[in-house]
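The chain below stands alone, shown as structure tokens; this is the form predicted alone.
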Amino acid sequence: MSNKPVIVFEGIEGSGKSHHISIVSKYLKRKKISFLKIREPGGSINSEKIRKLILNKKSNFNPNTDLLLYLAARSENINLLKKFYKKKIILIDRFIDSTIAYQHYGLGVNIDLIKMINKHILSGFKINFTFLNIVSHKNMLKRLKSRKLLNRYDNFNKNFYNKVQNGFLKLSKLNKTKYKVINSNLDIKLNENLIIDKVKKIIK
């Protein structure tokens, strides 16, 4: 594996992925290791504009429109990602698996359509490792209640989140050597240490 890998943090709302990508960022800064950190949707000026549209609680798109907006946001990021590909460590908060888990497993969009557009956009850009954070519905709701601002995707029902999380788990089983499943119901410090230890091995 490249010592300048692409590392993705996946999981449903309240699973701790954004917390852990922040912890890894702080670790890399302390070690003076150069890296790029972005989120999806978002990460670049145009992608952040699309993010606001997607996540606005007043937005009400059909599943295909939702998919195309997410992929449009990714398309706006690809030049930035390719600029630093294999030159810096790249940390991404949500990426390809989120699109499949939410849009296919959650909303029922055709998976072949997702894969076809994704392949065209990414054009050789590949992920090296994924941390998948899983969480119980009870803990997810508890964490969402503590947030000051909620978006459209924070308000789906339990069945939707179950389908999405199970979709993530199915994806993780397709290539176990490139995934680490993090049980976010456990002690957060324990998980921080597990993730940092794994990152050390990945970039060694």
Ligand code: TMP
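As the structure is a prediction and not an experimental result, all values here were calculated from the model. The numbering used is simple: start at 1 and walk along the sequence shown.
The protein also exists as the form predicted together with thymidine-5'-phosphate; that form is not presented, and the subsequent description refers to it.
Judged against thymidine-5'-phosphate in the predicted complex with a 4.5 angstroms heavy atom cut-off, the residues E40, Q103 and N151 are in contact without exception.
Within this chain, N77 is remote from the site of thymidine-5'-phosphate in the predicted complex, having no heavy atom within 4.5 Å.
Contact annotation: E13 falls within 4.5 Å of thymidine-5'-phosphate in the predicted complex, judged by heavy atom distances. Though the partner is left out of this view, R143 does not reach within 4.5 Å of thymidine-5'-phosphate in the predicted complex, counting heavy atoms only. In the predicted complex, thymidine-5'-phosphate lies farther than 4.5 Å from every heavy atom of L68. Picking from 133-141, 175-183, 26-34, 51-59 the stretch near thymidine-5'-phosphate in the predicted complex, with a 4.5 Å limit on heavy atoms, gives 51-59. Along 16-35, a non-hydrogen atom within 4.5 Å of thymidine-5'-phosphate in the predicted complex is carried only by K17.
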